[in-house]
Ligand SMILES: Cc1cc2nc3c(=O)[nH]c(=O)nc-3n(C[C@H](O)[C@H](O)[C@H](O)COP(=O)(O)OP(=O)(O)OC[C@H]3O[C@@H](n4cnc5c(N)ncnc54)[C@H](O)[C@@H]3O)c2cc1C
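Shown next as structure tokens: one chain only, the form predicted alone.
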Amino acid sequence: MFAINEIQPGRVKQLVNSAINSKLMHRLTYPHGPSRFVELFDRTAVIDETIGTISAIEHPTERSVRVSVRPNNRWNGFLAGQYVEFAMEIDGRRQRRMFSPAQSQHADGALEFTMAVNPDGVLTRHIKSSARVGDHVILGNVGGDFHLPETRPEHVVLISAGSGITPVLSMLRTLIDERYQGTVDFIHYCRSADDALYASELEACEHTLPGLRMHCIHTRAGGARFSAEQLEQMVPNYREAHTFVCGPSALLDATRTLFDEQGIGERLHQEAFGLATHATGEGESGGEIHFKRSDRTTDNNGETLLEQAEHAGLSPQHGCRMGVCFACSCTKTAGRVRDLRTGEVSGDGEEDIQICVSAPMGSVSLDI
């Protein structure tokens, strides 16, 4: 015989999972399944989702919030620069966004997410005003090609603006943990010192690696926004480096144009934290949007199909609003739409589309 407190925690987890996976448990808990019953006692013990518990909440600036989240044992890690699907149950609905963890990929313990608060965003407003330590978070897919290559380059340039700092800071922290011996130029743009995320840490990082050079530009205080001349002055040999950029569309467009003109586009790696939209073409407004399942029709005002569905009083499933998470995918049964990321126009027939990044070209019918 043995006492339950003599069993190692890992063994307890194995015993629980074995019981949950047994045929008998599935029969006894039909139709909900054993996971839902275990969840009543310990939300983090569910076996079919990665659940995190908020362990700390900070407000580094007026327009941002930082949360530390301790994941359960289903968490498999990430590569520095990648994003994680982050969701919370708010007013009975699961709200999703994609956020990049800011800590080193080698760090154990809590994940760190620093978010710009969108005044119109349900999730970030909730986290800033209502979330509490102990609340649960659903951590979904880890993804994205924006990460350091397995074989580290000899020279890395990291460029960010605003809250785009989080994935490149993760890269910097990872390189620091690895005692990277190459050259790193870290360039961050923000409006002022009051808006600077991680200002004290960036200042303290200067001497953590022998080849690290830090550049922080306050644009409101007279610092120039990104330009070819500015980059040449700060990093004269940037053409030989691998450059990683995250920020708003203006920064992404400027760096892409420069690197393509220089013939070194393959050395530029980018990640957007907002949706860069292509110019609206002729005929994108006008006509009607028909939501077949809901039997509702609204005049087409040219906005995304997700926005128009919401204006019509519908609540279609969605997540990132950037075309990344595919939570908003649905079937277009008729009409043409423009993909706001690429400018590509669809055919007239039935096909699956992402309504958060699709604008209708005239009349469109959706299976919503």
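Quick caveat: nothing in here was measured; it's all calculated off a predicted structure. Residue positions are given as counts along the sequence shown, with the first one as 1. Whichever C-alpha set is largest while still superposing within 1.5 Å between the two forms counts as the rigid core.
As for the form predicted in complex with this ligand, it is not shown, yet the points below apply to it.
Comment: this ligand is not present in this chain, but in the model of the complex one of 291, 189, 186, 99 has a heavy atom within 4.5 Å of it, namely 99. This chain is displayed alone, yet in the model of the complex one of 340, 54, 330, 322 has a heavy atom within 4.5 Å of this ligand; that residue is 322. Of the candidate stretches 123 to 131, 70 to 78, 259 to 267, 225 to 233, only 123 to 131 has residues with heavy atoms within 4.5 Å of this ligand in the model of the complex. Taking non-hydrogen atoms only, residue 208 never approaches this ligand to within 4.5 angstroms in the model of the complex. Residue 116 belongs to the set of residues with a heavy atom inside 4.5 Å of this ligand in the model of the complex. By the criterion of a heavy atom within 4.5 Å, residue 238 is excluded from the residues contacting this ligand in the model of the complex. Remark: residue 170 does not count among the residues lining this ligand in the model of the complex, judged by a heavy atom distance of 4.5 Å or less. Counting a residue when any of its non-hydrogen atoms is within 4.5 Å of this ligand in the model of the complex, the one hit in 62 to 96 is 83. A movement of the C-alpha atom of residue 307 reaching 2 angstroms or beyond is seen between the shown form and the other one when the two forms are aligned on their rigid core.
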